[in-house]
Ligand SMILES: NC(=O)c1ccc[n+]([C@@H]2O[C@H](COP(=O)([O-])OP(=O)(O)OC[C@H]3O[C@@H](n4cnc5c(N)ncnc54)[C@H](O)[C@@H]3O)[C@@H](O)[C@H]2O)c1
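Take a look at this single chain, the form predicted alone, given in structure tokens.
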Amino acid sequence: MDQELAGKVAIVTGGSGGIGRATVELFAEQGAKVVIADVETDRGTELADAIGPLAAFRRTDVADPDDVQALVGFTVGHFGGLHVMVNNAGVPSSFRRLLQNDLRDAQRVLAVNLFGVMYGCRFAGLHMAEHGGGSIINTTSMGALTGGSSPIVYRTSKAAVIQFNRSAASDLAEYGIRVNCVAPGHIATGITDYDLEPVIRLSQPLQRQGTPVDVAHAMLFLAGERSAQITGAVVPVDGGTSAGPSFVQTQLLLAQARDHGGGDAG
């Protein structure tokens, strides 16, 4: 099969680990030249060295607009262009409930998860608008598609990404720039610090454990020509979680509720 991204240049923020790393590796495998942007210098440099001439590392804090602008400039200077921008860098927030949460992490979480995406779209978009368009892919979360409590700040930041994604898709369409979101679900990454098995058993219709590579394949689809008519979309990679629990899971939850409630009500 032909390499889907042959001749393309891509940036992947948060590219040294987890979903970002899987995306970098898949993009390079599919022929793209990739700049790995991350604050983790050692891991990013190691990954770039392992991939070889198709990859380069640039230390970048996406919460700093000057860093993001310099990242785009570095990429264009090093590889001669920019066709795909993956705004993937993200940080978790506290799982404390609202009344016990001092919200001290809110500024940093919003700066990385939301403003980092906005800066990436703007600076990549400035180049793409003058060079025939491109594809921008933003990482949101299943937590932005479903209701729920904690982590409140994280959910809020990722929900805001979806609204920004829609606005950016409309605003940039005239330049041939497509803007889409991928919404990962229960994927084991560096920021997943809880046991996924019981969560998947009770809330994810597909009982298969998702991997970063699953998300990377969605990124690849949105980066390439197969998605040429898609913009403003949110693609869940969540095993069906955002669609709601399966029949079996619903029955299990009802049975547990009855056990705790002492039997049927009414």
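Note that residue numbering follows the sequence shown and begins at 1. These numbers were taken from a predicted model, which means no experiment stands behind them.
From this point on, the text means the form predicted together with the ligand, which you will not see here.
K.L.:
Indicate whether the ligand has at least one heavy atom within 4.5 Å of a heavy atom of residue 185 in the model of the complex.
P.N.:
Result yes; residue 185 sits at the interface with the ligand in the model of the complex.
K.L.:
Can you check whether residue 134 is within 4.5 Å of the ligand in the model of the complex, heavy atom basis?
P.N.:
Flag for residue 134 set to no.
K.L.:
Spell out, yes or no, whether the shortest heavy atom distance between residue 90 and the ligand in the model of the complex is within 4.5 Å.
P.N.:
Residue 90: yes, in contact with the ligand in the model of the complex.
K.L.:
Residue 214: heavy atom within 4.5 Å of the ligand in the model of the complex?
P.N.:
Outside the cut-off, so no.
K.L.:
Heavy atoms within 4.5 Å of the ligand in the model of the complex: which of the stretches 25-33, 197-205, 38-46, 225-233 has them?
P.N.:
The contacting stretch is 38-46.
K.L.:
Which of the residues spanning 145-171 lie within 4.5 Å of the ligand in the model of the complex, based on heavy atoms?
P.N.:
Going through 145-171 in order - heavy atoms within 4.5 Å of the ligand in the model of the complex - the hits are 154, 158.
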